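This document opens with one chain alone, in C-alpha cells, the form predicted alone.
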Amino acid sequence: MEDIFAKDVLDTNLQNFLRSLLPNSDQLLLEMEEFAQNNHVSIVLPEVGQLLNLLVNLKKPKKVLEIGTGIGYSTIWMARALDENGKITTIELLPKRYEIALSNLKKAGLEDRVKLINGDAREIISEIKDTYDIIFLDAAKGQYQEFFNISQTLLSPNGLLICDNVLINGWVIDLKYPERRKKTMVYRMRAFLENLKNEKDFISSIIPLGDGVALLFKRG
C-alpha cells in the first residue's frame, strides 16, 4: 500500500512530530485520507490542510479559487474556515474525481459554499472575469508557471496565492528524480521557483512543510 504521507523533504521523525501536534481529523477527513491512500490519489498532507484552514481564517476571503480539486480534501479544509458569505470556486479535470469530490462536499454539508467545476483549468480560468482573495494551486506540477501567468490577473490586490508540492519530494533541490519522464516536471518547477525572485508584484516565501508550500502575496 502506498503511503500518501511519505515525503522526502523533511526528516521522517520531524514529519511525524509535526503531525502529532495537529488536532485529530474528523471521521470524514479520515475516510478521505484512507480512500486516497488505498486508491493512490494525491491529496494535501494534513499539516498543509491545517495551514490552508489557518490562512483562510486569517485572510477572511469572500472568494477563493482552487485549481485542482482532487477528491475535495483541501476544499473542505478551506471551506470550513470561510465566513458565511465566503465562497470557493474549485476546478477538477477528471470526471471521476469531480463526482467523488461532489459527494464528499455533500457529506460535509458544504455544497452551498462551493462551486465545483469539471473541466480543464487552463481553459476555464482564461475565461474568468472575476477576481479572488485567495487562489490555491494544486494542479499539474509541470504547469505551475503557466497557471501562475494566467491566474495572477485573477488575484485581487493584497491577495494570496498558495502553491502546493513545490519541492516535489525534494527533487527540485538536487535535480535528482527517479524516472526520466519526470525530468521536465522537475526542471519546470525549479524554474518557476527561481522566477519568483524576480516577481516585483509579489512577496513570496517557500515553506518546507509537507511537500513544500509557496506563499505569494500580491502587493496592493
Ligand code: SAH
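Just so we're clear, the structure is a prediction, and the values are computed from it rather than from any experiment. For every residue, the number given is its place in the sequence shown, counted from 1.
From this point on, the text means the form predicted together with S-adenosyl-L-homocysteine, which you will not see here.
- Judged against S-adenosyl-L-homocysteine in the predicted complex with a 4.5 angstroms heavy atom cut-off, the residues 73, 92 and 139 are in contact without exception.
- Residue in contact with S-adenosyl-L-homocysteine in the predicted complex (any heavy atom within 4.5 Å), chosen from 107, 97, 87, 80: 97.
- None of 44, 155, 189, 56 but one reaches within 4.5 angstroms of S-adenosyl-L-homocysteine in the predicted complex through a heavy atom, and that residue is 44.
- Across the options 155 to 163, 169 to 177, 190 to 198, 61 to 69, residues that bring heavy atoms within 4.5 Å of S-adenosyl-L-homocysteine in the predicted complex belong to 61 to 69.
- S-adenosyl-L-homocysteine is not drawn, but in the predicted complex it has no heavy atom within 4.5 Å of residue 148.
- Contact annotation for residue 131: none of its heavy atoms lies within 4.5 Å of S-adenosyl-L-homocysteine in the predicted complex.
- The shortest heavy atom separation between residue 121 and S-adenosyl-L-homocysteine in the predicted complex is within 4.5 Å.
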